[in-house]
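Here's a solo chain for you in structure tokens, the form predicted on its own.
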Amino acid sequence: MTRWNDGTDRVEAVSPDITDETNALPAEYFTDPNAYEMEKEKIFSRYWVYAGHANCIPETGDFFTRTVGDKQIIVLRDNENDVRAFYNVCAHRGSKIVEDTPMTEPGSMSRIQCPYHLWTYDLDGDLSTTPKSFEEASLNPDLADEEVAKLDDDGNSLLEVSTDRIGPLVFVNFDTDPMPFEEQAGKMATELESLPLGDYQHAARFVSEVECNWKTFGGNYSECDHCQANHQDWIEGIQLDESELEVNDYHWVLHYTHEEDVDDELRIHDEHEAKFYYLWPNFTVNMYGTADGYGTYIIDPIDESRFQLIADYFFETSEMTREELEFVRTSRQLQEEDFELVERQYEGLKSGALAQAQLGPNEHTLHKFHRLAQEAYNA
């Protein structure tokens, strides 16, 4: 049952069953600034989130930065060819070390050096050197040089963040005792690891700022009841009636079957369908049915009323063919159509008229999304 803000009704928790009468996340969690502040701690600091693509940092010392909420990390390839992540914060006085460096324009460094007082770290985060001013007390009349204590290197290394991967896809977790990555990624990891994702190169990125809560777009991505009315170009050739929405513990999959079989050479995967994976809380992997490549979305909240969609595309080479350019153009059209839909929805949510929405039986993926949000809030 839909619950209006008429002063007589109260919202309830998301129902445990899709068949229950009231099962959407209360609207206040989409519009309240306090809800976003809570999500930074209870969602984005506790679950695994996507950091970036390992192919973009192929050489030792290559790095990019990734910002999640208030936290920024340096994702780099160390001397052992491993991809690691450290807070972009110097152990000395807390200065930000490197400038914002997107995955698409990675940097390279032989050591990690803070520009403030030149504390320098190895690529494994260990403190390597400090200036002489940290070894002697020439400016301190109350302290002799020989009284200066040696810095504890182990206690002054960079703070590392847990990482794990699905092929070239790098994930991070800010929790000091994170849940096992395999628990969150489930069989999505198994399915994607069977594909040669690492053989494909980054070809295009589009960053869009959208005026609505991040969960609004996440919910829109998770169902296709709106597709017939709003995505006429995209649904051409797709059998929506035979599509399937599969729900798992922390991810769900949208399967779309094409009306006619598509040449196998046009797909990275063998199945005769497109598969769109949503990994809680804010990452998608898009396995297309009509392109030899794949895409990813990062749905990054900026605050309670804005998010940033980062759309990346990966093909056999970074130089796209005419057909791939046309495919990306169509994909962008789909995104822009969705932006209009979710911003329109958010205008309604901000009005305060709706206290709690009612989900339909085919929105069970969206119901799962809302359930996970509520479980995180209550944890």
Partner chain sequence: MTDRERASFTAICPDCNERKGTETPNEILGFYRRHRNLTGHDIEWEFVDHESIPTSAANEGLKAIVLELDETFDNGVPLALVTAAMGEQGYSIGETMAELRELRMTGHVWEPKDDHVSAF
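Just so we're clear, the structure is a prediction, and the values are computed from it rather than from any experiment. Positions refer to the first chain, counted from 1.
There is another form of the same protein, the form predicted in complex with its partner chain; it is not shown, and what comes next is about it.
Undergrad: Counting only heavy atoms and a 4.5 Å cut-off, does its partner chain in the model of the complex sit next to every one of F44, D199 and T284?
TA: Judged in the model of the complex, none of F44, D199 and T284 sits within 4.5 Å of its partner chain.
Undergrad: Where does its partner chain sit in the model of the complex: which of 298-306, 276-284, 177-185, 157-165, heavy atoms within 4.5 Å?
TA: Among the candidates, contact is made by 298-306.
Undergrad: Within 4.5 Å of its partner chain in the model of the complex, heavy atoms considered, which of I310, L354, I57, L341?
TA: Filtering the options by heavy-atom distance leaves I310.
Undergrad: Considering Q228, T104, S194, S133, which brings a non-hydrogen atom within 4.5 Å of its partner chain in the model of the complex?
TA: Exactly one listed residue reaches within 4.5 Å, namely T104.
Undergrad: Is T129 one of the residues lying within 4.5 Å of its partner chain in the model of the complex, judged by heavy atom distances?
TA: Contact check for T129: no, nothing within 4.5 Å of its partner chain in the model of the complex.
Undergrad: Does its partner chain get within 4.5 angstroms of any non-hydrogen atom of T67 in the model of the complex?
TA: Yes, contact at 4.5 Å.
Undergrad: E209 versus its partner chain, in the model of the complex: is there a non-hydrogen atom within 4.5 Å?
TA: Yes, E209 lies within 4.5 Å of its partner chain in the model of the complex.
Undergrad: Is there a non-hydrogen atom of K40 within 4.5 angstroms of a non-hydrogen atom of its partner chain in the model of the complex?
TA: K40 lies outside the contact set for its partner chain.
Undergrad: Given a 4.5 Å distance limit between heavy atoms, list every residue of 12-37 close to its partner chain in the model of the complex, or none if there are none.
TA: Residues within 4.5 Å: none in this stretch.
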